[in-house]
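Here's a solo chain for you in structure tokens, the form predicted on its own.
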């Protein structure tokens, strides 16, 4: 247990589970000591049915926040124990309604003193801690309703990945990487067109010399992505030739490249940054939308694969 304490927040869920296990184990001992054939895990459903019944499995699931399989499992145990009975709905015979049986109703008088003991003991425990634990739990539940742990953890991982990516400027020795990274995705999804070859084989003459930029993303000291800023006119630029090698996709590299291109466009006093893409590139489309790009009217593209044009208005 001391090791878990040393782990701090990373073991928070594990320590909560262990606390829950301790409550359940001690609760089970109390029922045994009182010679009551009852288990702590049945309490919430049993108590709900003592207050409101009959109820369907779906209604119980909604009230308790359990999964339907968990509710069904406990319901089957309570029915087998004879504490709950199944009632057929008069209007729909397929519907399974649950209610306390006569045996279950009789047991309430035995259970109430035990439940009161639980409640009083928990209150005393919380008083010893010096905190209003029920208030804290409610705050935690409300916060998780707003954003669950899956999304909270995912955001932290993405930010850490994002921060580790290094953006590099163009160097002549990177010329072949600019071509190869783009050829990889073009060959996978489309075909390499003449316009692609013009830019990818001659980035210095066709992009940089004309007022554009070519950048690269380094991940663990390996160049794994690239993107270009093409000058269209004085106040309008294009985000183009963005590519991330497949083995490291999903690690925020595309986002980092796109954000750097946006920064460079602003630095050049661009008012509009546009891009062309294809609807089948769903991950790219999602990224562009998150960055503020919006769909524009149909256009005559120089690429056969281009089906969508998007724009970002810059300050």
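Just so we're clear, the structure is a prediction, and the values are computed from it rather than from any experiment. Positions refer to the first chain, counted from 1.
Not on display, but discussed next: the form predicted in complex with the DNA.
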Even though the partner isn't displayed, in the model of the complex is residue 282 close enough to the DNA, meaning a heavy atom within 4.5 Å? no
Residue 56 near the DNA in the model of the complex, any heavy atom under 4.5 Å? yes
Is residue 69 close enough to touch the DNA in the model of the complex, meaning at least one heavy atom pair within 4.5 Å? yes
The DNA contact in the model of the complex: residue 231, any heavy atom under 4.5 Å: no
As a check of understanding, the residue in 255, 41, 268, 271 with any heavy atom within 4.5 Å of the DNA in the model of the complex should be identified as 41
Under a 4.5 angstroms heavy atom criterion, identify the one residue in 95, 175, 85, 158 near the DNA in the model of the complex. 95
Where does the DNA sit in the model of the complex: which of 259-267, 244-252, 61-69, 286-294, heavy atoms within 4.5 Å? 61-69
Please state whether all three residues 4, 20 and 109 have a non-hydrogen atom within 4.5 angstroms of the DNA in the model of the complex. no
